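Quick setup: one chain, the form predicted on its own, written in structure tokens, and binding and motion questions come after.
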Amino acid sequence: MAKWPWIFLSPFILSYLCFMLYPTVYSLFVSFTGWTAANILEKPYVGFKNYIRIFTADPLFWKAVGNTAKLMLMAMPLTIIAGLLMAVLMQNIRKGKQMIQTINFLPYVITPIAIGLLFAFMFDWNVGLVNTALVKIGLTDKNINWLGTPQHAPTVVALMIVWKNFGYFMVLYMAGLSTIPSDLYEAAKVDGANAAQSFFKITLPMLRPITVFVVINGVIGGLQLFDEAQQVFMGAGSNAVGGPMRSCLTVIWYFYDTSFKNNSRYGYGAAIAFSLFIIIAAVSLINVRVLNRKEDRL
């Protein structure tokens, strides 16, 4: 009788071993080699040489880490605030609520290629809707080269991340709001609390578990940023890796370029991927400790 559970679980277990565990372990092995496309049949063992180079002698890796952190810090706070405020606003909407929820959530399920093309068209230097609107309302007297200058390109990518993800955060916060007992708000109203006081004293503290999840999920997703940043520049007709002066080069984009474009250095690319894994694990652990410590103090 005990064999039947294993028989039914075997498709998942075999799939996991073949398509998840084995590639991960093999990639870890590759990260300790000097395997390249130029010498595809040989995988010379180099030990920790790739990792030492990444952390001590690769300025592009740290530039990619800095760019990724910058984009994440630009986009994530605004995404969280927009998602929370929209979730609170949706509580007071009766007509058309389902339609508004669908419209806000749609960007999250749109493919990155479509999003990249959309924002490339909107922020086009010559015919973009954004430049047209800014000139017409008088905020600028000439078109801004949004995707061609390192000063403006990160802003476009950050806005794209906000637009894509805030609907997902809204859904998470709406689920959290539905678990807050209405008795708490009624008691606060009886005690003379206004809407702002109820929001900061009841809503935010009760949504802390959702906020912890959103922050950690946002950090992990931000550190894995690739598709959106790459597609927006491809949609603008630019083949430059990382955008203008590599101002939008992310860690995953650098990994992709190293592994499959720039001489296909498979061993070094695998080391970049596992270095990112180390960074994600460290940042996630710090976030959990910091957020839990703040919760204990309350």
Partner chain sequence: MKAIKKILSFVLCLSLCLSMLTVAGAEGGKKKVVLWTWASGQFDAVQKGYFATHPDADWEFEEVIIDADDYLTKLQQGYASGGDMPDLLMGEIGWRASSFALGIWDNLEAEPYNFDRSTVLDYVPSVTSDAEGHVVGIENSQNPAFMAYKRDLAREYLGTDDPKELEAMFQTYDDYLTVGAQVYEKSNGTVTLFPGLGDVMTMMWMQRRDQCNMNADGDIEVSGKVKPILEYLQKARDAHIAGNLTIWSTQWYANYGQQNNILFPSASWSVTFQIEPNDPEGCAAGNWGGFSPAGGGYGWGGTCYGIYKNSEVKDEAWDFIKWCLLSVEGAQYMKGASFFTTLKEAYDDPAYTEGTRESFGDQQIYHFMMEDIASEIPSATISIYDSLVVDSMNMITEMMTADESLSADAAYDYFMEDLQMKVPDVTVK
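Just so we're clear, the structure is a prediction, and the values are computed from it rather than from any experiment. Positions refer to the first chain, counted from 1.
We do not show the form predicted together with the partner chain, though everything after this point is about it.
Here the chain stands alone, but in the predicted bound form its contact with the partner chain, taken as any heavy atom within 4.5 Å, falls in 140-148 among 140-148, 197-205, 79-87, 179-187. Using a 4.5 angstroms limit between non-hydrogen atoms, residue 102 is distant from the partner chain in the predicted bound form. Shown alone here, residue 48 lies farther than 4.5 Å from the partner chain in the predicted bound form, counting heavy atoms only. The partner chain is not drawn, but in the predicted bound form it has no heavy atom within 4.5 Å of residue 27. Interface membership of residue 245, defined by any non-hydrogen atom within 4.5 Å of the partner chain in the predicted bound form, is confirmed. Taking a 4.5 Å heavy atom cutoff to the partner chain in the predicted bound form, the contact residue among 125, 108, 213, 226 is 125. Heavy atoms closer than or equal to 4.5 Å to the partner chain in the predicted bound form belong, across 237-251, to the residues 237, 238, 239, 240, 241, 243, 244, 245, 246, ordered by sequence position.
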